[in-house]
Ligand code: NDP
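The chain below stands alone and is given as structure tokens, in the form predicted alone.
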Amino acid sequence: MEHLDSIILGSGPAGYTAAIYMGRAGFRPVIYEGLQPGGQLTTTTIIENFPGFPEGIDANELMTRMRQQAETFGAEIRPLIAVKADLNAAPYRFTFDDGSEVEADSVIIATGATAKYLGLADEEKYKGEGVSACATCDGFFYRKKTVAVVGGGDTACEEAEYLSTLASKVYLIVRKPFLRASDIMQKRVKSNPKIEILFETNTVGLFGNQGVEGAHVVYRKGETDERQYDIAIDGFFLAIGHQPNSNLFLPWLKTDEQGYIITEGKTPRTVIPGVFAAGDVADSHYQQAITAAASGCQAGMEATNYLRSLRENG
């Protein structure tokens, strides 16, 4: 079995940044790209809130640059997905989708989180062309336009509130006849003149020739007073939550009720020595490229210190 000093699972901002820091410290981590090479960021278009790019930067270009920087400092990148893990004792063992197996003294879990979608074919069709799961990332492109947000919890209300500062009108599409958000968020949304709440409404499709131009919705689907109609929109935002990609590690690591890996205090350390978690897989709140990169920096430094201590002691 191949033995490695350190492996990094995931190739988003957290994974690449961790590799950069470890490489500069003299280690040669191996990055396993995982389900989505480049991470969730590659599903969007232009990034305007990552420091250092006043004109914005294409999301895929940003991730390509991070990849190149990691490789410059010695990281090896393998296009494989981990399918089995054993964190019972160091060195930690992993099996990948090509059947290969490795063991590593240190592991950085940067597998990210996947946005939940409604499951419509049109969501995939218009992804990056009007469909988004991040208002903070993409809201700027809808200044003075009409958008829709799907969801009824705090996240949906927060995104609708945020988008209302940019867009001319925001539809909040809620499947239930009530909001699940906290009282204060409900009050804010209901009192906002730019936000129209569509209760008991389901989105069944999107349409448009040049990106999203509208949505097909159904009021009280399946009921005797069911009504189908269209709304004209320029952007469609999903705010029904994310699913952290942590299932592989659940037998060994502590997670919250949603599956986000719990780390020690403000560090990326997990309950297992030498195993660290960085980025969206351990962040249920911010979920931004810059915060993922920052936690990747922390994980890279922690892993470096851990490996050095192993060498000194053994």
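Quick note: we count residues from 1 along the sequence shown, nothing fancier. All figures in this text were calculated on a predicted structure; none of them were measured in a lab.
Form predicted together with the ligand: not shown, discussed below.
The closest heavy atom approach of H285 to the ligand in the predicted bound form falls within 4.5 Å. Within this chain, L118 lines the site of the ligand in the predicted bound form, having a heavy atom no more than 4.5 Å away.
Among heavy atoms of N49, some come within 4.5 Å of the ligand in the predicted bound form.
Using a 4.5 angstroms threshold between heavy atoms, G241 counts as touching the ligand in the predicted bound form. For the options R143, R175, R78, H216, the one in contact with the ligand in the predicted bound form, meaning a heavy atom within 4.5 Å, is R175. Proximity to the ligand in the predicted bound form, taken as a non-hydrogen atom within 4.5 angstroms, holds for one residue of G128, P91, G153, G205, which is G153. Considering the ligand in the predicted bound form, the lone stretch of 192-200, 145-153, 219-227, 82-90 in range is 145-153 [heavy atom distance within 4.5 Å]. With a change of no less than 3 Å, the CA-CA distance between D256 and D154 is larger in the predicted bound form than in the form shown. In the predicted bound form, the CA atoms of D154 and Q287 come closer by at least 3 angstroms compared with the shown structure.
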